[in-house]
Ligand SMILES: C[S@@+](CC[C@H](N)C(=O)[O-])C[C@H]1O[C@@H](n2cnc3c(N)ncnc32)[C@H](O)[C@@H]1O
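Read the single chain below, which is given as structure tokens and is the form predicted on its own.
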């Protein structure tokens, strides 16, 4: 039996060390400041009723589910990776939020929920790791109730950071991953012990049109983080400088075009 790209990625994401590394990279004190601001903004836009239920699609270790639950909402948190769900279970328990967060194992390629199930769905930094991204777009669109809202955050291939890094890698000839350019965006494939991980910098226009083709309309698009270069820096002062710029951009500019992170609201 030949492994498909999706199965190779799923095998890669089954590794606990992958999720542990992502937690070390992204669940830092400086990042928490940004994420708290981002989720305050998201909820100001959505204006959900107290106690409303969110689906956190691709919840990982449940950091964002906890943010929602702490603000008084119920969360159905799902992920394909059992390793991620094990970390999520521990984290949710440590925050004493098991009554507000329900965990489940789901694939975004074939969600078990009926059509029109959720008023609010969050999918943060997940589609970038799914080879069959259009199929995931279809599934996410299917489970949104009429009048509901899907919030998606993805990396932007046209951002200043993405364009600058591509140019630098070409100049230095130091690209380690296999790069595949597709209508969906620019895919970076890395292999490890026979498995593979894709990380896609999205073609944001393609993504918007794909959701529109499945009946959703973009109602708002704002910048997330201007740069994620803090994951590649070792010097604390340089990391801090990146976070200061990110927070300033999110609070005062919010122009998504130059930003690496893009937050989109589909209705």
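Since the model is a prediction, treat every value here as computed from it, not as a measurement. Residue numbers count along the first chain shown, from 1.
The discussion below concerns the form predicted together with the named molecule, not included here.
If you check the named molecule in the predicted complex, you find a heavy atom from every one of 19, 64 and 84 within 4.5 Å. Though the partner is left out of this view, residue 161 does not reach within 4.5 Å of the named molecule in the predicted complex, counting heavy atoms only. Proximity of residue 106 to the named molecule in the predicted complex: non-hydrogen atoms within 4.5 Å are present. Taking the partner from elsewhere, residue 27 is found to have a heavy atom lying within 4.5 Å of the named molecule in the predicted complex.
Contact check for residue 130: a heavy atom falls within 4.5 Å of the named molecule in the predicted complex.
A heavy atom within 4.5 Å of the named molecule in the predicted complex is found for one listed residue only; from 118, 80, 91, 73, this is 80. Judged by heavy atoms within 4.5 Å of the named molecule in the predicted complex, the contact stretch among the candidates 141-149, 118-126, 95-103, 176-184 is 118-126.
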